[in-house]
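The chain below stands alone and is given as structure tokens, in the form predicted alone.
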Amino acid sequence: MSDARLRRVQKEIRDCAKDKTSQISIEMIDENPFHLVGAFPGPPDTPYEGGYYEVDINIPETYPFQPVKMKFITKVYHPNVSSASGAICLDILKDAWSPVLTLKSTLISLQSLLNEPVPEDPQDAEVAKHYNSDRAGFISTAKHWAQAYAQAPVHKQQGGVTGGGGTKKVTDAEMAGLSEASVSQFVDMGFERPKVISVLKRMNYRGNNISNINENTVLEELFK
């Protein structure tokens, strides 16, 4: 099995290198054909556009009869990707895997996942809540992450600039998908900023959902 596995993986790496149209790349880590890094550009017309996303790939002993193990190396703000670990929730990486799938086709499926999130089956519940309750806010935060972690270009802000280089500085609140006003409201009450951000993020204190959360409930969480 190991010889067949090695031949298949080596062929897949060669075939991917020959394909200049998909923009998918696969390379070995430390010359190990069973530990790879895959990469692809963010899909156009999404918050991830312009970014470059790397994925850690581990080939199991039973490949291709069992799915490869993949997780994002690049941090991604997405309902089906863990913000902390890069773990991915995608059916073909679990029970929907088929031996006819390849490393390249699986990476293309990950690229498509960025374009079409599945919030009803999330890997990151907090991000999924943000996606469902405040879509505009989610898109803004996903763009911030793409710029901060995936080298997506930072566009100049309209109506003036703040900070060097003609771009608006992104705050830690915005990176958490929260409005600066919401965070400042509780920081001004004397609570530490990191704790405020952590609590508001966990409670999905965003967009229209803010009206559904009593301020006293937030204060109870902050006092814990």
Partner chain sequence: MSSELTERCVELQNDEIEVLESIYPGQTTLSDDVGGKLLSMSIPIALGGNTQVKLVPSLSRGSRNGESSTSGQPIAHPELVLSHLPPLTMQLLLAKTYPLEAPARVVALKAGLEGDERSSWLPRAALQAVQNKLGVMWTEEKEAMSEGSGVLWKWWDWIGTGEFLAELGMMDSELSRLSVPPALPLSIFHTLLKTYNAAQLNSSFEQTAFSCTICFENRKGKSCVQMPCGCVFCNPCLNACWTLAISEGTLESVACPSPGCVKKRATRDAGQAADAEQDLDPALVESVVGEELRLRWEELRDRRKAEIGTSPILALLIPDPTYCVCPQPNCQAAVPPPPTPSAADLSAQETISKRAFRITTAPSSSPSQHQPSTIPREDRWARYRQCPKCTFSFCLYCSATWHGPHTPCSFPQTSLIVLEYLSYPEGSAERAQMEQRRGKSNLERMVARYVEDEENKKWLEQRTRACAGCGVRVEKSHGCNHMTCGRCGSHFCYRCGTSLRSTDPYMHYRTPGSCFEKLFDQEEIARFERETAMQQAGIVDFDGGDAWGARNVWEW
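All figures in this text were calculated on a predicted structure; none of them were measured in a lab. Residue numbers count along the first chain shown, from 1.
The form predicted together with its partner chain exists for this protein as well; it is not shown, and the discussion that follows is about that form.
The stretch in contact with its partner chain in the predicted complex, judged by heavy atoms within 4.5 Å, is 66 to 74, chosen from 37 to 45, 66 to 74, 22 to 30, 180 to 188. Using a 4.5 angstroms limit between non-hydrogen atoms, D134 is distant from its partner chain in the predicted complex. Contact check for S85: a non-hydrogen atom falls within 4.5 Å of its partner chain in the predicted complex. With a 4.5 Å cutoff on heavy atoms, K129 counts as touching its partner chain in the predicted complex. Looking at P122, you'd find a heavy atom of it within 4.5 angstroms of its partner chain in the predicted complex. The contact with its partner chain in the predicted complex, taken as any heavy atom within 4.5 Å, belongs to A96 out of A96, A148, I108, I139.
If you take 185 to 208 and check each residue for a heavy atom within 4.5 Å of its partner chain in the predicted complex, you get S198, K201, R202, in sequence order.
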